[in-house]
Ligand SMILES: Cc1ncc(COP(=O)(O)O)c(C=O)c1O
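Form predicted alone, single chain, as structure tokens, below.
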């Protein structure tokens, strides 16, 4: 049957239009749930229709219902855009339609992912002997790393998870920060450890685990222990003191895992690398490529120093799996059986940026975050809650009426966020820090520029001075 390229041509034209107009489109979704539902949730057609008609319908029905996070004024969450080479290579990955779980199914993409993984280890300056896995995101990277951790700490006490399961196994204590990301809790739950296994350690005013509390928790542990540390929490980009905490954890026989969803990439910039001092002493690390590296969703990265524990936790053998003894099969390191070659856009992005380009991207976005926070903070009623050394900041808006209380400031903050988002000029999200509502400023997109910052600050100026 002859391939109908018209659908691809329509999609390509629309993609170019979307990217060309992204700077002038509203960053917010402009339609309500009901309006979108009416356009999208239509009765399924009985007869076949052309692929071009399908694609045209998708384009038309989603108008007004997409966020402009591919542009430079989306600051709500740590969501990157997509570098041109990464986006183009992602199209190729879809066109090739390879199952990249095995070298035998896709020799070229298998080698390309292996190369991208080695480059990341070099850029992040982590142990080169580490094994790697490209996952859907940091959530599954945590799952992968903590699977290996679970196997290893139980094996150390004579229990073999792969053979014996978890029923009757010695309980594992997971020591982590009270500022941890929810994906850690979820990974622990996926692994059958239960959230009761979590021991959340208090943090200081800088968001760092308190050393004395950490030592106390380790000292009271009577069985296998996994420690999860933060490489930039999502509110203030706080880093735990790896050089202090990891050696202590090692003395107690704990496996140390690092949540570096975006903060791990600070190691790619010489001026920011000091924030991660001692991080290389850990046993595993998880990060996202679809954040600071600006590749398309979905792409995470798991790094594990103990290759044997990693492989044992993930691998599968069957007579019909055509395993190659020389090449690397991703199925040995990844929880998925069928998977797209998500490491190919990583390969492309690293090639496009190079070491210096990635370092500059990190420095530039950190600078823009600081600029946005400080410029908004100069406006009447605005209060700077946090200016970090990285790419996250917090701002609050105060109700200026006499005797205003914290809840009044929270209401004011939410109103300002909503007004900015509704304007379509920029997009932010609320968060809670020290029991108060604040606006989170997150800058990670390669497209963000001086003009984006100027437009963003101006919309706040209009709202606060009217």
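Positions refer to the first chain, counted from 1. Because the structure is a prediction, the values reported are computed rather than measured.
One more form of this protein, predicted in complex with the named molecule, exists but is not displayed; see below.
Student: Are 93, 296 and 342 jointly within 4.5 Å of the named molecule in the predicted bound form, each by at least one heavy atom?
Tutor: Answer is no for this spot.
Student: Where does the named molecule sit in the predicted bound form: which of 110-118, 374-382, 327-335, 255-263, heavy atoms within 4.5 Å?
Tutor: The contacting stretch here is 255-263.
Student: Between 370, 173, 181, 305, only one gets a heavy atom within 4.5 angstroms of the named molecule in the predicted bound form; which residue is that?
Tutor: Flagged contact: 181.
Student: Name the single residue among 151, 139, 217, 203 that comes within 4.5 Å of the named molecule in the predicted bound form, judging by heavy atoms.
Tutor: Selected residue: 139.
Student: So in the predicted bound form, does any heavy atom of residue 236 sit within 4.5 Å of the named molecule?
Tutor: Residue 236: no, not in contact with the named molecule in the predicted bound form.
Student: Heavy atoms within 4.5 Å of the named molecule in the predicted bound form: does residue 283 have any?
Tutor: No - in the predicted bound form, heavy atoms of residue 283 and the named molecule never come within 4.5 Å of each other.
Student: Quick check on residue 288: any heavy atom within 4.5 Å of the named molecule in the predicted bound form?
Tutor: Although the named molecule is absent here, residue 288 would touch it in the predicted bound form, with heavy atoms inside 4.5 Å.
Student: Check whether residue 279 has any heavy atom within 4.5 Å of a heavy atom of the named molecule in the predicted bound form, and answer yes or no.
Tutor: Looking in the predicted bound form, residue contacts with the named molecule do not include residue 279, since no heavy atom lies within 4.5 Å.
Student: With the named molecule taken in the predicted bound form, which residues across 451-466 come within 4.5 angstroms through any non-hydrogen atom?
Tutor: Result: empty, none.
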